[in-house]
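Given next, in structure tokens, is a single chain: the form predicted on its own.
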Amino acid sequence: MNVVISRDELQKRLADIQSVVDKKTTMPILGHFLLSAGESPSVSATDLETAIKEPVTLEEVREGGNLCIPARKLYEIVREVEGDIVMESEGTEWLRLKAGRSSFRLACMNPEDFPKWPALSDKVVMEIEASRLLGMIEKTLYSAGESDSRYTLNSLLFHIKPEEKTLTVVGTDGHRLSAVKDTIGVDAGEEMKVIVPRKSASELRKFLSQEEGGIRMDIAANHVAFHVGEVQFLVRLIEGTYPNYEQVIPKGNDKILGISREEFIKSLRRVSVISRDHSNAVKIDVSPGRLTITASNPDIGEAMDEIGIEYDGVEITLGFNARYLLDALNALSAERVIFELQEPLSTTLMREEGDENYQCVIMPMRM
């Protein structure tokens, strides 16, 4: 392989794949990316859970070929050099780079050892606007688990109902849950539930935010491929059973209160200063027209704040993890938020005023 590429182009492509390249792997090949200089030049990277393939523009192809190049080290080199870069392979073991008066020689690996891109057979195709899918992920990712031993919780559920033409994205860590529903175009004949790893969903956001039009999802038995512009983003699905989120969402909470989202956020942040170093626990007393938030820490002190609400029911006292409330409130965008309550230890439902398609469920704490 012998190609010429602009520094800016190579730096951009390498920046896109850095978070996918596995830096702590016991498989050295996963710390490399595959550069293909054929009819459709591309760069590919994978950590076996997520894979990215995107086109790369080469200024000149003197000799085609493929090579596995150490991703992090090349990225560090490219950031420091100037001008176009000449990349010339020496077999499959070495790569020589020249940029201006600078030259480097990097040890590489055989491209035949790089994980192959799987063929997706019997796939279901789904289309959705990039901005809509991005919003759905951002509204649910915060509630997914991060290092739970129940590995299915460290993920997002994509629940597709063809008869309703809807996609519901769900995240939960067992203490809280968020679910958002939207309409889609899908060719599936039956209901589908696919479990996407949290890290993959988080990485996908970067590419969705750069795309203004629609994207395509190809869903197969073990993988889902997102076609975002010219980028192909492949995810290995998690096997297992996701919790039945529809049973978790409370249906009969009869104590309804309305509150300013911004005021509630500010009040929670003020009071949680006291509880932040302990358990993030805050006590919330609800009475007609008023909500009182208190926190206490025997080693620090106490805090109390009050805000006005729309509520004319009976008084009720609940305990919450303040961080869980703040995460949910920050994911919402409406000016006013509706809380649906039942008993002090019953699940609480939070939603935006006038929107039934986005629901947040939080388990109270025993105070």
Partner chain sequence: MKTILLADMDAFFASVEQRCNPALRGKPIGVTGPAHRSVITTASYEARRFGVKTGMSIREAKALCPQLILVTGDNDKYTHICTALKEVYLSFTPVVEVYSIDEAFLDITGSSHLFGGPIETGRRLKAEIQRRFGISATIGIGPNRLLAKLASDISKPDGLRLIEASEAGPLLKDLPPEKLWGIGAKTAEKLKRLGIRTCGELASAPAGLLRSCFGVMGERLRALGMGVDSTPLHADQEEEGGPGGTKSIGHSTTLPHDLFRRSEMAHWILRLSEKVGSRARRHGLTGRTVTLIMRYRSFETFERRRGLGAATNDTHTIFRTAMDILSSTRLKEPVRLLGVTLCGIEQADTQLALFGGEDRRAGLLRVMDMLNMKYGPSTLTWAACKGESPHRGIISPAWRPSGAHRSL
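Numbering follows the first chain given and starts at 1. Keep in mind it's a predicted model, so treat the numbers as computed, not measured.
Keep in mind that the form predicted in complex with its partner chain is missing from the display, and what follows is about it.
Figure note: of the listed segments 267-275, 82-90, 174-182, 114-122, the one touching its partner chain in the predicted bound form, with heavy atoms no more than 4.5 Å away, is 174-182.
Among residues of the shown chain, residue 256 is not one whose heavy atoms approach its partner chain to within 4.5 Å in the predicted bound form.
In the predicted bound form, its partner chain lies farther than 4.5 Å from every heavy atom of residue 145. In the predicted bound form, none of the heavy atoms of residue 290 sits within 4.5 Å of a heavy atom of its partner chain. Not displayed here, its partner chain is approached by residue 361 to within 4.5 Å at the level of heavy atoms in the predicted bound form. Of the residues given (222, 103, 244, 209), 244 alone sits with a heavy atom within 4.5 Å of its partner chain in the predicted bound form.
Comment: its partner chain is not present in this chain, but in the predicted bound form one of 347, 357, 19, 11 has a heavy atom within 4.5 Å of it, namely 347. Candidate site formed by 158, 165 and 168: none of these residues places a non-hydrogen atom within 4.5 angstroms of its partner chain in the predicted bound form. Along 316-341, a non-hydrogen atom within 4.5 Å of its partner chain in the predicted bound form is carried by 321, 324, in order along the sequence.
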